[in-house]
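Presented below, as structure tokens, is a lone chain in the form predicted alone.
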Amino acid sequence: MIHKLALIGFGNVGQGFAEILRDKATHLQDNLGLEVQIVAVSDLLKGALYQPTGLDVATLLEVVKQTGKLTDYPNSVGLKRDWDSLKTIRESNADTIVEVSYTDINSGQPAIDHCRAAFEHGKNAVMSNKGPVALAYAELSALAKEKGVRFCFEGTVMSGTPAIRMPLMALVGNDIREVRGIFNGTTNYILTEMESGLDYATALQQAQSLGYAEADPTADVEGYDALGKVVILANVIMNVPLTKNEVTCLGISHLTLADIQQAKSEGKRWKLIGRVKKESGSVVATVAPEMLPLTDPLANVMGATNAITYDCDLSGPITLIGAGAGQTETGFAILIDLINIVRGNV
């Protein structure tokens, strides 16, 4: 049976996911029995298409590559153009909505409304967008359960590295007392370069030139990106209804080369650490730079890589290291969620 998708957003992640479907179609069908069809794409800047019998993925990608728009996609019988996102969600024949629009960590919109519309119309939602999970997890997960559909978001924390599914599946039975990690590759890259002698401003400029940091790097360097991921981990992994306003947040922009040298002299290394910890019946959540001893596995994660440590009462501490961003990696996270929906897995 063909599983039909509507993509809300068609930037790097949406295109990365579409490339995986284009390149892996035969493998997915032959080895996993997964046949997927993109029936709709709606992007605020690129335009929108809806073809109930399925869009040609190779043509879709080529048109966007050549023009940056969907307007040159060839006409066919039944093709509709220029539906907005909510009309696409409500009226398309998609089984699952793939929400990969921009993230607004302050309001979560319009992605929260996209999820509500999907669930109200009996459709699953898969996303890499942190906003709905960080700001409305309890509401949206309850609505999805009520409507008998799935709410999946593996890509919201560490891209294609299974920071959410792994503890939910493989660490079940443990009491996870603390979750802490390096959740932002941009800041980890900057701190790595500062260890090699670059000052903060130069390291940031280098990160921007490599595409790790945006022109406005505030969300990364002041810790707000990591904060959203901490809130997700608290709600989903530790079952704590934490809000973003309850997380103490400090970034790395104040760190100097003198701070880096002080850490070195003490046998330590600066890392921006997001942390959720159970303490005396309550939960404390922070994002802040910390000097970690070099014996800590997180201290030895360098460059743009992310890592997470789960402190478990039965299995002990377990550390997972992998890419925390990337077009293909995040597209893979979308694919994993989709496979688990089709298989009926948690």
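Throughout, we count residues from 1 along the sequence that is shown. Here, rigid core means the biggest group of C-alpha atoms that superpose within 1.5 Å across both forms. Fair warning: this is a prediction, and the values are worked out from it, not measured in the lab.
What comes next is about the form predicted together with a small molecule, which does not appear here.
Proximity to the small molecule in the predicted bound form, defined as a heavy atom within 4.5 Å, singles out one entry of Glu214, Glu139, Glu246, Asp82, which is Glu214. Under a 4.5 angstroms non-hydrogen atom cutoff, the small molecule in the predicted bound form lacks Arg269 among its neighbouring residues.
In the predicted bound form, the small molecule stays beyond 4.5 Å of every heavy atom belonging to Thr161. Using a 4.5 angstroms limit between non-hydrogen atoms, Ser101 is distant from the small molecule in the predicted bound form. The small molecule in the predicted bound form is not approached by Phe153, whose heavy atoms all lie more than 4.5 angstroms from it.
By the 4.5 Å heavy atom rule, the three marked residues Glu178, Gly274 and Lys278 all fail to count as contacting the small molecule in the predicted bound form. Across the options 261 to 269, 84 to 92, 179 to 187, 141 to 149, residues that bring heavy atoms within 4.5 Å of the small molecule in the predicted bound form belong to 179 to 187.
With the core superposed, Ala234 shows a C-alpha displacement below 2 Å between this form and the one not shown. Once the rigid core is used as the reference frame, the Cα position of Leu204 differs between this form and the one not shown by 2 Å or more.
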